[in-house]
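A single chain, nothing else alongside it, follows as structure tokens in the form predicted alone.
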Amino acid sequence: MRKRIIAFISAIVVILVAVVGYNLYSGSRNSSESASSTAKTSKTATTKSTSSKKNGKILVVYFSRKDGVSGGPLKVGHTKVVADYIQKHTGADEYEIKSATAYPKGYQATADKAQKEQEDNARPKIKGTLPDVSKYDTVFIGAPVWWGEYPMIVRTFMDKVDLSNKTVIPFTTHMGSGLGNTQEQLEEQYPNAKVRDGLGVEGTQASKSQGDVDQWLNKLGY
């Protein structure tokens, strides 16, 4: 009888030791995984911080239309969608170019007006105050491609805002013309700026372009 009691107690002790040992192992493993996760998060935050510091302060300038667009009217203009993706990726400030005089709501009427402005080398007036760009190191400039280049209202912005000695990067939305002549326009307008490779997004694909935008920005080092 005494031997049975001793054996029973021994069995209980073995079970308790096993349970305690498992709990200690599990707790140690969870702590290790938690520390690893924290380290990864810290590394990601450090990488973004380093990238932001390297590129300085960033401004995204864009002209976008909800009306007068093929397939419109839109809830959000195609170019604004892309501009917002750039802003989200880089943490940039945004400035929207708005016309003091409204463009037509119809697509063909807008296309005709855009062509007439280009033929006249017009500089449509911008509504509101232009941004103070002195504090920015990089400026993205985006718009739909109208007749192969930036809309003339974007040329108004370019004439009035000096981006010399800054990094300037074009982006566009289009119906098949890619960047058009926008990159060459920036190089001609700002010979003392560093103009980098831009991105053209087909307008109807703008809402699905975040992956392409992120890949492009990563390639540029942003």
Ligand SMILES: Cc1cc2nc3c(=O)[nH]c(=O)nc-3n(C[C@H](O)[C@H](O)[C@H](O)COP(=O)(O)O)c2cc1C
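Note that the structure is a prediction, hence the values are computed from the model and not measured. Note that residue numbering follows the sequence shown and begins at 1.
From this point on, the text means the form predicted together with the ligand, which you will not see here.
- Contact annotation for Y150: none of its heavy atoms lies within 4.5 Å of the ligand in the model of the complex.
- For the chain shown alone, T182 is not a contact residue for the ligand in the model of the complex, no non-hydrogen atom being within 4.5 angstroms.
- At a distance threshold of 4.5 angstroms between non-hydrogen atoms, V161 is out of contact with the ligand in the model of the complex.
- The ligand in the model of the complex is not approached by V133, whose heavy atoms all lie more than 4.5 angstroms from it.
- For the partner-free chain shown, Y107, T110, A111, A114 of 100-118 come within 4.5 angstroms of the ligand in the model of the complex, judged by any non-hydrogen atom.
- Distance between the C-alpha atoms of K113 and G68: longer in the model of the complex than here (change of 3 Å or more).
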